[in-house]
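One chain comes next, on its own, written as structure tokens: the form predicted on its own.
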């Protein structure tokens, strides 16, 4: 007969440390999304460029990010660059790896969003005297972000979950890293990882609910 006693006290004692790790997790996810969003917009524009070098570079980035495991991408930053003499700590390695992955997925999302914006919007803005860059920033981009808002929300949740890969490159300050250290010290594996799973779930739900609230307030009209 299977018998197991779930111990709450270790979780309660470790909760402050785990919440501190959750804050680091959120920081990495947010920063990787900011970097990934900027890079994704540039990649989307580059893929539509008539310049074969820019288009080829963007295509290689997108294909590499979307068709290889995220774990490999983090490994390439941490170990791959290290073999070339460029040594990065665990935190920036994980951040760069996730940002690279985000940029690849977001680039395709943004490319679809840009195609969904009618070309007449740019022509209308130009007819009002706007320069092409100004029209793109103030007319096209806002409409694109409205179209791709929900896919970006999904990518943000994915970024939060990808931060757990930091443990494989020695990061011990995020939620998974702290949970792993607690497990090694006490061997209460089920308790700690169940608590970590709940925290990840709550973070994801908060992101989703916040995105719905923003969409309701901003995109009602």
Partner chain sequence: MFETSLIWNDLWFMIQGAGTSLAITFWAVLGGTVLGIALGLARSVAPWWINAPLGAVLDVLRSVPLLIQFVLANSLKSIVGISWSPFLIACAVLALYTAAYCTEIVRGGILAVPKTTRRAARSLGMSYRQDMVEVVFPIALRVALPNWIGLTLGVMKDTSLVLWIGIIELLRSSQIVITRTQEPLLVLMIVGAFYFLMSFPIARLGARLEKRWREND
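Numbering follows the first chain given and starts at 1. The shown structure was predicted, so the numbers you read here are calculated from the model rather than taken from an experiment.
FYI, the form predicted in complex with its partner chain isn't displayed, but the following is about it.
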Could you tell me if residue 206 has a non-hydrogen atom within 4.5 Å of its partner chain in the predicted complex?
-> no
In the predicted complex, residue 68 touching its partner chain (heavy atom, 4.5 Å) | yes
Quick one: does residue 80 come within 4.5 Å of its partner chain in the predicted complex, counting heavy atoms only?
-> yes
With heavy atoms only and a cut-off of 4.5 Å, decide whether residue 64 touches its partner chain in the predicted complex.
-> yes
Which residues, if any, of 177-206 lie within 4.5 Å of its partner chain in the predicted complex when only heavy atoms count?
-> 180, 189, 190, 193, 194, 196, 197, 200, 201, 204, 205
